[in-house]
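Single chain ahead, by itself, as structure tokens, in the form predicted on its own.
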Amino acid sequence: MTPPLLHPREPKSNATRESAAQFEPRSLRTYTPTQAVIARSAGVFHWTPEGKRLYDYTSGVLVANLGHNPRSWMKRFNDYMGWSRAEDHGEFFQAMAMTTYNAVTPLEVEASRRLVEVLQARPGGTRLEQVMWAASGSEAIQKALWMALARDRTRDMILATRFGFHGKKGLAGAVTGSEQDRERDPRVRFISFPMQECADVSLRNQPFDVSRYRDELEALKQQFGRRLGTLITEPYLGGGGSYHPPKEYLHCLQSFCRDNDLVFILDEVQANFGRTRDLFAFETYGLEPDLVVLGKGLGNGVPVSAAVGRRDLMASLDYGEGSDTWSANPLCCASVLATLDEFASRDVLAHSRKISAKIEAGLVRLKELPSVVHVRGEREGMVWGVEMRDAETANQTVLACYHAGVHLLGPLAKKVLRISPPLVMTEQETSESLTLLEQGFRQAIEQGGHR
């Protein structure tokens, strides 16, 4: 049994950590130096069993974009599920079923219709005609790839941008990372991503030459010809270290797909619902994907995802080829409808853009510290990567920020700290949390002996 990570003056949390180590394998969660125990959450905060309050700078991994347990969202969710008006039925309540496998519910159809309407109303969303539901991001990626491959089974080669993250299962895992990570599906080839050109926010709006990437794509075309059928990318590299590329790069990929009749898949699982300034990342980058994959913020805490795209691609799979137990279940559909209602009823994005400037200014100030190398993010977006000097410093900083009152996850790509608070953080909460964050960064330097 792996010894748990324990902290002084946290008896209740330590008891929970010890129980987790006894009954759960360490592989169940990613490594985070704090292994925080969260007893309850509200808005932008978590609380430990000891009552310690933490600013959540992760949004539950870019999930709780509207904050944790927002009152209006919860009311809408309860209403859609029928719980607020449930009728007695003996020992049971008569309300919406929580699972309706292989059946159709009005709630599911309404969620599909509303999601398509919202997507098609955004610039670049005209190709997004039908919804393939799933329960996790990697499952939705898998289904998107299945559809693309089934369109023409002689075109079995998939191009993926190097160092992206699309999941750990099946094809989603095969298009994740790079050639060196593990034994690969022979149908997958990786293409370069401009990491050097997006190493820091100071490099925004610099001239960008796509010729190198166009030549690389043309070389693959010469090698594989009509076998090339699909290209998948993220709008920005999330798990790869938060690299936000110039728009010209993504346009180059899309143009290659259009010129050569490849299916262009945009993985927005991390980026959707406001993280890159607009409601969807394809708007921010001026793209028009054939399939867009949504998740995380789509359900604001309820596990749901979807691949949305062209009707002809959806039709390439027959009965049962895209089904599973939890796809389009009422719980998920109710959460999607509640999320869509919240963004429709108030201007969440205008507020998030305002606090984005304040957060980014605070993060850029951290570059004065010897431990911080780069800060990366999209202008007016709500996700950044703070690249630290090395992995040890990054982990020390996560721990110090926890003790200062800010919850961060373990480093991405070994030394990049992701900053992704809820979009609804107030200006006062923004100022206070940035002060605590800086305290944590400085404490890590002092504890590490680097002054």
Ligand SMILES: Cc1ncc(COP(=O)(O)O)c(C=O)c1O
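Predicted model, so just to flag it, every value in this text is computed and none were measured. Position 1 is the first residue in the sequence shown; the rest follow in order.
The following text describes the form predicted in complex with this ligand, which does not appear among the structures shown.
Only one listed stretch (194 to 202, 366 to 374, 67 to 75, 129 to 137) carries heavy atoms within 4.5 Å of this ligand in the predicted complex, and that stretch is 129 to 137. Contact check for Lys296: a heavy atom falls within 4.5 Å of this ligand in the predicted complex. At the 4.5 Å threshold, heavy atoms of Glu234 reach this ligand in the predicted complex. In the predicted complex, at least one heavy atom of Gly167 sits within 4.5 Å of a heavy atom of this ligand. The shortest heavy atom separation between Gln270 and this ligand in the predicted complex is within 4.5 Å.
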